[in-house]
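Only one chain is given next, in structure tokens, and it is the form predicted on its own.
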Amino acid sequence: MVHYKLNEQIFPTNGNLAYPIFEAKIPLGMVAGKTVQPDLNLSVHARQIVWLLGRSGIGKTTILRKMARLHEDPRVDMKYRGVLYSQIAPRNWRRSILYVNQRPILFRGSVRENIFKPFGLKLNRDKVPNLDLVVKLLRKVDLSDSFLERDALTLSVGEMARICLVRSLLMNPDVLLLDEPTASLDSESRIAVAITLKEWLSQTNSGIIGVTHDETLTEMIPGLEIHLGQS
């Protein structure tokens, strides 16, 4: 079963909020042709966060990957700004609805090269990287600007995770899909990431859908909690 719980925190917004940025109806599971969980229905508006909660192995990551169209499912019904996902090219979809993997993905080269790599893609040439903002974000997640010249593949998992988060925030997606963003972090770093996400959410017209077991996040950035596997 699915249980929905709203912990209200609405940030002031700019623009028309009559329609959500993103809507999804996702079948959660069937066994022997019988539904074992009802469909998941959710929407996210500007400056809103939705948490997907539940025990490990229940399928939260799979749900995020379906939302990002990394795991295509013809039974899924999704819309971005009112447009059916089938009418939007996958690469354009993922540009606006950005998935951040629980396992950080960095490439050979410096942290600077990794952070700026997406801006070199043809699809993102209208986005301009801002070094001052990079440094500001690094410091917010407890990393100094000296990390820019570090070999990305020599970093700890926790450092890599924060670099990937900084890179994702710089892309300024309309919806950020976060898969356990603090799983590899210590308590101080978890708080720093929570503060950074909360500030980003309050200063943009974007939304967040996140999977987490971290109560620090759900307490510091309250929103709609969807508890999977509960009656």
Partner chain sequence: MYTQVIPISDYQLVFTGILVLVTACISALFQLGLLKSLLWGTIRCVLQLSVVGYALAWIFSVNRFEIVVLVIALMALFAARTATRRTPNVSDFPTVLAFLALVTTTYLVATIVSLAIIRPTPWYESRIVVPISGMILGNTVSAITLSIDRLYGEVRSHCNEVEALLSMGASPWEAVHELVREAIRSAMTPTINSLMVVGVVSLPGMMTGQILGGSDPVEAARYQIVVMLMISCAAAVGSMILVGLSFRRLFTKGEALRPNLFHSNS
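Residue numbers count along the first chain shown, from 1. These figures come from a predicted structure and were not determined experimentally.
This next part talks about the form predicted together with the partner chain, which is not shown.
Enquirer: Among 154 to 162, 75 to 83, 92 to 100, 137 to 145, mark the stretch whose residues have heavy atoms within 4.5 Å of the partner chain in the predicted complex.
Expert: Heavy atoms within 4.5 Å of the partner chain in the predicted complex occur in 92 to 100.
Enquirer: Is R167 close enough to touch the partner chain in the predicted complex, meaning at least one heavy atom pair within 4.5 Å?
Expert: Within the cut-off, so yes.
Enquirer: Taking heavy atoms only, is L133 within 4.5 angstroms of the partner chain in the predicted complex?
Expert: Because no heavy atom of L133 falls inside 4.5 Å of the partner chain in the predicted complex, the answer is no.
Enquirer: Just to confirm, P129 within 4.5 Å of the partner chain in the predicted complex by heavy atoms?
Expert: Outside the cut-off, so no.
Enquirer: Please tell me whether any heavy atom belonging to I195 falls inside 4.5 Å of a heavy atom of the partner chain, as the geometry stands in the predicted complex.
Expert: Looking in the predicted complex, residue contacts with the partner chain do not include I195, since no heavy atom lies within 4.5 Å.
Enquirer: Given a 4.5 Å distance limit between heavy atoms, list every residue of 67 to 81 close to the partner chain in the predicted complex, or none if there are none.
Expert: The stretch 67 to 81, when checked against the partner chain in the predicted complex, contributes R69, L70, E72 at the 4.5 Å heavy-atom cut-off.
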